[in-house]
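Below, in structure tokens: the form predicted alone, a single chain.
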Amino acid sequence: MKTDSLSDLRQRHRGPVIGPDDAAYDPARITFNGMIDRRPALVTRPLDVGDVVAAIGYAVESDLPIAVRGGGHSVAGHCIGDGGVVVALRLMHDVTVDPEARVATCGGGALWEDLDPPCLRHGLATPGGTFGDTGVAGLTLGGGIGHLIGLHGLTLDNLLAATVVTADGEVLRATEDENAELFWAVRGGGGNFGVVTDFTFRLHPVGQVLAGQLVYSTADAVAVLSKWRDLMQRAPDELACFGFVARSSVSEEEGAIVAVAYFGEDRQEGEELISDLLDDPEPLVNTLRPMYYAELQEIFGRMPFGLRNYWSGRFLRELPDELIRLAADHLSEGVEGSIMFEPIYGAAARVPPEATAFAGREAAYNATFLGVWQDAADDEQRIASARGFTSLLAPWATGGGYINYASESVGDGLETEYGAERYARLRDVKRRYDPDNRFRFNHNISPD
């Protein structure tokens, strides 16, 4: 590390600059996944775009790679990199809302619990994920599967503009009309192309919803998930349902679970749509009731930082009875974890696959095994369980998995994830904006 350039950085960078000898260093490198223990050369906490430019300039001058941290919720731990410079954006979390134009802009360090409330005060929202404490940036750049997927698509489908600081310190505005190829790439290509310092989203009216969870016995998992699948094959855009089978000592969840959110105005119509889920078998727990979107976004509670995590899955072209049985059997054999099925339907499925870099548009479902545990002695077994589930998906997989959930990519170079044509286009963008692969703490698209 160059002492002279570090001294210069500290003079130009108004936000905190944290090195290994500083008391704040260990707290600054904690991530969501307790398995991650990485030691960056420096952690910067910028206050504005100027600070980001200064941090990138220091990294380039010192020939160091760059990790970008938004909410720190990356299950793969990409927000922290050994020996690199971390640009931790959490202090850049301001939100502005224009209710007349139905747009909102937030800083690159905003969490969904920063963005949602100012929008919801006007009865508006943009599609987010399903946890309020996750970062807007990571979710958006990788996709954004959430409760509004049927009505309004993925989070990235609602991105109107982004400000990107590239590896050469250039500050670019990316939209459909300005730096359009970069705009295409950041919508699904992750943090490979620079630091996104702000996002501008399209907003939609969101009122009360009929929502809650239906929890069934594990023994009924096959019957319940089969009914859920049949329902979602004919579901209107207004109905969002996710299916789970869980067996976890950490969260104390066990059983088959269907999370329901109906956004239509007629509550009785919503109840009729899901009536098949309410008998034969009957749920052991039924929490369905009218609620507002802010409460819906807390329906799964919170996943605390520091637990050990390994997640693995694939996009699927179909979800046949055989696969549902395999999923239920996998957890019935003493394996702990949660298996989540998310439909890719409605507005998200109507966007042409080539419109963005998101790789799951051709799929009908996303299937993910979420392994969460506490004891490091269990690491090998738990990782094997997650990978074992993923191997079962191969006959129905469209290719790779959802990068926002993936602890590891499927293949070398991510061509398996993106497909040859999409991957080649992403590499062209990478070569243009980050030819030295300075931003490589991610599911990396190598320029080489």
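A quick note: this is a predicted structure, and the numbers were derived from the prediction, not measured. Throughout, we count residues from 1 along the sequence that is shown.
The following text describes the form predicted together with a small molecule, which does not appear among the structures shown.
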- Give a yes or no on whether every one of A125, F263 and Y365 sits within 4.5 angstroms of the small molecule in the predicted bound form by heavy atom. no
- Note on the structure: The one option of G337, G138, G153, G360 with any heavy atom within 4.5 Å of the small molecule in the predicted bound form is G138
- Note on the structure: Students should find that, of G129, P283, G84, G346, the residue having a non-hydrogen atom no more than 4.5 angstroms from the small molecule in the predicted bound form is G129
- Task: Have a look at 284 to 292, 219 to 227, 328 to 336, 69 to 77 and name the one stretch with heavy atoms inside 4.5 Å of the small molecule in the predicted bound form.
- Result: 69 to 77
- F341, heavy atom within 4.5 angstroms of the small molecule in the predicted bound form: no
- Message: Does any part of Y310 reach within 4.5 Å of the small molecule in the predicted bound form? Heavy atoms only, please.
- Response: no
- Message: Under a 4.5 Å heavy atom criterion, is C119 part of the interface with the small molecule in the predicted bound form?
- Response: no
- Item | Non-hydrogen atom contact T134 with the small molecule in the predicted bound form at 4.5 angstroms | yes
